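Consider the single chain below, provided in structure tokens and representing the form predicted on its own.
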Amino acid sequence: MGKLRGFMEFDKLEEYTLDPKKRIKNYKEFTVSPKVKELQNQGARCMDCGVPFCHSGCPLGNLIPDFNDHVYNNNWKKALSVLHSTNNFPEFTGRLCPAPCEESCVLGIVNPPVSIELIEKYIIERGFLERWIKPIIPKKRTGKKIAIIGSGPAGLAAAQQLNSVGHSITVYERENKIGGLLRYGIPDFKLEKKIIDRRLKILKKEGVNFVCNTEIGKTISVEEINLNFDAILLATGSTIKRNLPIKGSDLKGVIQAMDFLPHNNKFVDRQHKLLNKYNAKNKNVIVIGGGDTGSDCIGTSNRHGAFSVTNFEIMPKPSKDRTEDYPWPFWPVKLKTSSSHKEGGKRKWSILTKEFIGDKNGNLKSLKTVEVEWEKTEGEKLNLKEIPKSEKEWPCELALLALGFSGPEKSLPEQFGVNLNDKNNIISNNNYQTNKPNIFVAGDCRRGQSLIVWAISEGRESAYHIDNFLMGKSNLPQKNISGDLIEM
């Protein structure tokens, strides 16, 4: 694949970005397109691997060496066809995926891996630029009707797949616009919403019906959905936010990250003004939680003009490199420095928030922490231990809780009569089918909080099984690998 010794000739290409001081002045994407020749050279780095582990590293089973080879040979339309054969929305994954494929790249054993995600992004952008991406309208309809509840990446992927074989699809979304987490969870500086809108135009022309401002079980009863549709897909995501149940957590200024970020996205979309409670301007901001959501809060706070931004993480600081605990080709736990981290702020590891402190009016003014260490006990479990005399008080007028999610909201599954497991996720068999034969489930509400690439994968897989359920067989593609290597 690619150039015979390209991996020895060319270095890994990192995407160019605008200077942090310039880009934090607005909410636009700040990446700069590389030259076509640079992308071809990067495709040339793809080795002629006996076993391309990048396939198993990708939850979608993307045919990575194939599209790399087409890019190297300047066959961009062929590269797009290969990419779209396994991934409905490369424009989303090319911007938002943590690229587990690159951690599984054989070249990555001894050198920086191929810039797979970057190549993926610019294949799809070339496709839109050249107008190669056009609606594919089914030649005939099956007469089967399917309701998809939730318009995030899982729901959208399933909708496109099922529509492509002639089923009539209605996607229900309780928010005022389609997109789910993509629309109101991801800041515009990582994914401008025009990227979602251009894809939605295609889906609508293909025949997918979208209904917003509609919450199933409230706006429309589950009985009506059951009566009017032959199959139902639950793709509602994992939306129960984890709290921090300590003293002072009810103070004004203690805000959930997933209230802060959607409010800001709607502000950027000019749907409303930015309320002071969500405005970080001139405030000491502390973000509690070191994942991607915490990083998004940092980038947003810097764009507001925060006085200071500090990020707390209860776990120890990871190694910069892969450790023996996470051998190749498995997904490694290592230090990740996002674009938002580079825009300003401090990061603190092994720190536990003990108390929020307020003023006489109930406003947050500071918080108390203690340093912690993790000890391995019998059975290799980690035990949290507070370090004596390490208490500290931090000035803070806005604390953002980016602690993840604990499952889907229970009301809808209960109304449909589908079972939940002990983690509050909806139970399904290997066919994505719940205990109700006509009701299927995909995405975070099935597997728990996860990656956008996993959501798209599950949407595609569930579509195959829904089609098979309705028609007795299916010509939709199935994922060609298990993806077990990168369970995250």
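Start at 1 with the first residue shown and count on from there. Because the structure is a prediction, the values reported are computed rather than measured.
Below: the form predicted in complex with a small molecule, not depicted.
**Q** Quick one: find which of 404-412, 267-275, 361-369, 243-251 has residues within 4.5 Å of the small molecule in the predicted bound form by heavy atom distance.
**A** Of the options, only 404-412 has residues within 4.5 Å of the partner.
**Q** Looking at the small molecule in the predicted bound form, is some heavy atom of each of 91, 233 and 461 within 4.5 Å of it?
**A** Not a single listed residue reaches the small molecule in the predicted bound form, so no.
**Q** Does residue 136 reach the small molecule in the predicted bound form if we count a contact as any heavy atom within 4.5 Å?
**A** Contact check for residue 136: no, nothing within 4.5 Å of the small molecule in the predicted bound form.
**Q** Residue 174 versus the small molecule, in the predicted bound form: is there a non-hydrogen atom within 4.5 Å?
**A** Yes, contact at 4.5 Å.
**Q** Would you please decide whether residue 279 lies within 4.5 angstroms of the small molecule in the predicted bound form, comparing each non-hydrogen atom pair?
**A** Residue-level check for residue 279: no, no contact with the small molecule.
**Q** Against the small molecule in the predicted bound form, would residue 158 count as a contact residue? Criterion: heavy atoms within 4.5 Å.
**A** Residue-level check for residue 158: no, no contact with the small molecule.
**Q** Of the options 64, 452, 58, 439, which one has a non-hydrogen atom that comes within 4.5 Å of the small molecule in the predicted bound form?
**A** Of 64, 452, 58, 439, the residue with a heavy atom within 4.5 Å of the small molecule in the predicted bound form is 452.
**Q** Counting non-hydrogen atoms within 4.5 angstroms of the small molecule in the predicted bound form, say which of 87, 340, 301, 151 makes the cut.
**A** Answer to the contact question: 151.
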